[in-house]
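Quick setup: one chain, the form predicted on its own, written in structure tokens, and binding and motion questions come after.
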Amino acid sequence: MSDEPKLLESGPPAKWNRRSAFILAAIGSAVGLGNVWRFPFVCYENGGGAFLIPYLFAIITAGIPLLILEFSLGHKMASGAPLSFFKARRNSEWVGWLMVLVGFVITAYYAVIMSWCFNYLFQSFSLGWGDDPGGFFTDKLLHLSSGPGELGGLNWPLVAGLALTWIWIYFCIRKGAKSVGKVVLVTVPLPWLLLLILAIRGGTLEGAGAGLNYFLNPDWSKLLDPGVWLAAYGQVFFSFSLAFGVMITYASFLPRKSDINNNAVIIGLSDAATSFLAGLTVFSTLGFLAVGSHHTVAGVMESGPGLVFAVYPTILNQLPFWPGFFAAIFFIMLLTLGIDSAFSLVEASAEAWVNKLGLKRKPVLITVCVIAFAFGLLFATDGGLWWLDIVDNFINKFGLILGGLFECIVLGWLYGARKLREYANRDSEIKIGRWWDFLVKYFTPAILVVTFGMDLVKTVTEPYGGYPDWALFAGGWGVVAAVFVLSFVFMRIHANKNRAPAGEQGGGTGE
């Protein structure tokens, strides 16, 4: 029998009938651009090889436990995030909407970053960014204005790339799990293969050893710094697609007898392995750049867009052979990494509205894509990068963290962690004990509260990025507040009459 993931034809909602389809889709959602441009820098900043200890500890005590929590909820309630929370605890539906809306906002600007990748891919074979990739990125591609107050006009190459991205997203998920299952057979293994090719190529370059030394050389004294441990939890939380509603939605498509715990372990460790491979790739090539430019690795290290669109193209320019070929591989790798994360967030939004209103999937999906495309046009203007930076900082620090905190409170305390633990253990080879209840009810919420508090104090005392107050209010606090308000508004919208009362679906009972 073919291992191609198919759908059980028993009617909506569609179900995976291949475990591999679900695992690949969930890994694809978790693994994204942040694995390439965030993890290596966080690792370097927080003790190099020593950081891997708190990172693995955070995976075991927060990442995998929260994956189990979300898989258990979605699978038991057989619904998207808002309806799953409704079934667990009627008045908690807003938490599911908060997750979905945070993911929706992130998708709107994430698609613009993918537009940047498309534009760079078109320039790859000719190395069209020239001798100054950083200048090409800010001046020629982005037409970057002087600040958020100077929005300028639409940047049409970015708009074209944005439209291409949204068309791609739509066709990836237009048939739900059926099309997703087929797409991830290519888009999940392919970036791993391309990363491996780039890592091997980087390892053959002069200076690669120096770069890898910066990445892996452990600074054990960092383990005494609480900030390093919080950074590890932050990396895990952001990287695992937690509190977006994605994992709840994907788990709702699983057949009734599914190994939830084992799946969570496989997906969590796969994400970690991808981050580590990305680190090897990035730092081996940074060592090559450092040697060529007579700088230290620290002197050429950047994170975020600067690494991907300025530093790495500079490295590609200096490759002794086939620079255009490896440039194309690099940006194809970024696009295939990004698309799975992007369409998983859209899938969570579309499924939420299908559950809520009982509408057909296709018009709902088209509407979500069009609205997100329109919102993303803000980030495709001359001032778009400034607004992207502001929104990204606030929605991740406050929207995402609070979503995870409220998730733990509702499911751990109000619904009952024990119920979800017993449900997860029912068909799982790996059994979890009461220690999991402690992690979900006490440990992870404590980490999130401390992280939120530290971020809040820093944001209030040191206005982010030196931006004017009005911009931080509009693009930062304003967006976060809008997400919370809309979460309660959407909860009050008249719902599909066929929605099951709290606790009926999947054998759960609300407390």
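As the structure is a prediction and not an experimental result, all values here were calculated from the model. Throughout, we count residues from 1 along the sequence that is shown.
This next part talks about the form predicted in complex with a small molecule, which is not shown.
Proximity to the small molecule in the model of the complex, taken as a non-hydrogen atom within 4.5 angstroms, holds for one residue of F309, F288, F379, F244, which is F244. With the partner omitted from this view, the residue of V479, A471, V42, L33 that lies near the small molecule in the model of the complex is L33 [heavy atom within 4.5 Å]. Although the partner is absent here, A111 sits far enough away that none of its heavy atoms falls within 4.5 Å of the small molecule in the model of the complex. In the model of the complex, at least one heavy atom of S239 sits within 4.5 Å of the small molecule. Remark: S341 counts among the residues lining the small molecule in the model of the complex, judged by a heavy atom distance of 4.5 Å or less. Although the partner is absent here, A352 sits far enough away that none of its heavy atoms falls within 4.5 Å of the small molecule in the model of the complex. Partner proximity in the model of the complex, defined as non-hydrogen atoms within 4.5 angstroms of the small molecule, places exactly one of 111-119, 341-349, 318-326, 163-171 at the interface: 341-349.
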